Structures are given as C-alpha cells and as structure tokens.
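Shown next as structure tokens: one chain only, the form predicted on its own.
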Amino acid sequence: MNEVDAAIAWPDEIYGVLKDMDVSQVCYVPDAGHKILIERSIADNQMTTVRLTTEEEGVAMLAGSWLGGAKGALLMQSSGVGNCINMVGINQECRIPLLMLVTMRGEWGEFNPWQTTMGQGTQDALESVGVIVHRLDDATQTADTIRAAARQAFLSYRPVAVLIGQRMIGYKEFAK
C-alpha cells in the first residue's frame, strides 16, 4: 500500500486488526479522529459498542468485559488520558489487559492551546503508571503496530496504548 492510500485507509486497517484479534467490545468518547473506526464498530453486529461520558469508565468497562471472557479496546483522544491514570491501577494490580487507541492532539499543527499540555504529556503520563506505549506516526505501519500492541496487551495481561500521531489524523482547522 502506498503512503496516500495508507493515510486514507488506516481506520479500516485498525478495524480489521480488531476483528482479527477477536475484539468484541469497543468503548469510546466521541472523537473526530476515531470517527470512521467508531462507525465501523457500531455497524458491526458482532461488536458491542459503548459511548462513554468520560474515558475512565472505559477502563472499568473493559476490565469487566475481560473478566466476562471478551476482549475490548478503548478509543479516546489524548486529552482524555489524564482521566484514566488512576483507573489503570486496576489493570496493573490485577493483570487485566487493556488496549487503548489514543488519537493525539497538541502536536503538529494544533490550533487549540488547551490541547497542548496533555498532548505533550500523554506518553510520559502513561509510562509513569506502567502502561506500555507504542507510537504510530506512519500510516503504512498501522496494521503491524496495532496487531503488536493488541498481542502484547492480551497475551501479557498488561495495559498497552497506541498513540496515533496528529500527522496521521490531520490537524483540525479553526472555524471563524
């Protein structure tokens, strides 16, 4: 796949990997960066999707899903990572896998200064509580990166996050 096709297809590649890895639970806070992936998950009658009011609800929901025998993924934006930091302790202490797919803000081309602080601190915040972090900045590496992260989460019983760079999702334009 060439770079142009990959830049367009990455949400579908993530969806395909989630299906291949038997992920049947997807929870999310609505996010333009994950729009296509959220739509694919909602349309799939073999996936249960839950719209969250805040990101940490997804950490607890997916712990319950795992205990009930289902694999899940939490979709969120970098601004929501701070909401999850305390909740990730349950995953660490109980060895419950958690796959987080995080679209980044506060990076390349960001117009909103409110997004910058958490965007710049996302990786450090996650790593400081023991989350394994992978970066995805090249759309041609989407399937490999998501598959590796999912395998690592589900086979090592650890929280793993993939940070999807703002260069991949594109920056938002400020509407006047």
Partner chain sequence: MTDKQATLDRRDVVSRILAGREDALVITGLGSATWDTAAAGDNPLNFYLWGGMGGAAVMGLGLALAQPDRRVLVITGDGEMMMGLGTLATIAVAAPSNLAVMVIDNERYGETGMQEGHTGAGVDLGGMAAAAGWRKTTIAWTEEEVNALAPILFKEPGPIFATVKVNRDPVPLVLPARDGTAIRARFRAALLGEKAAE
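Numbering follows the first chain given and starts at 1. Just so you know, these numbers come straight off a predicted model, no measurement behind them.
We do not show the form predicted together with its partner chain, though everything after this point is about it.
Student: Out of Ile132, Ile42, Ala32, Ala70, which one falls within 4.5 Å of its partner chain in the predicted bound form, going by heavy atoms?
Tutor: None of the other options qualify; the answer is Ala70.
Student: Any of the heavy atoms of Ala125 lying within 4.5 Å of its partner chain in the predicted bound form?
Tutor: Although its partner chain is absent here, Ala125 would stay clear of it in the predicted bound form, with no heavy atoms inside 4.5 Å.
Student: Is there a non-hydrogen atom of Ala60 within 4.5 angstroms of a non-hydrogen atom of its partner chain in the predicted bound form?
Tutor: Because a heavy atom of Ala60 falls inside 4.5 Å of its partner chain in the predicted bound form, the answer is yes.
Student: Whether Ala149 contacts its partner chain in the predicted bound form should be assessed with a 4.5 Å heavy atom distance threshold; does it?
Tutor: Ala149: no, not in contact with its partner chain in the predicted bound form.
Student: My question is simply whether Met118 lines the interface with its partner chain in the predicted bound form - judged by any non-hydrogen atom within 4.5 Å.
Tutor: Taking the distances in the predicted bound form, the answer for Met118 is no, it never comes within 4.5 Å of its partner chain.
Student: For the stretch 118-139, I need every residue with any heavy atom inside 4.5 Å of its partner chain in the predicted bound form, listed N to C.
Tutor: Residues within 4.5 Å: none in this stretch.
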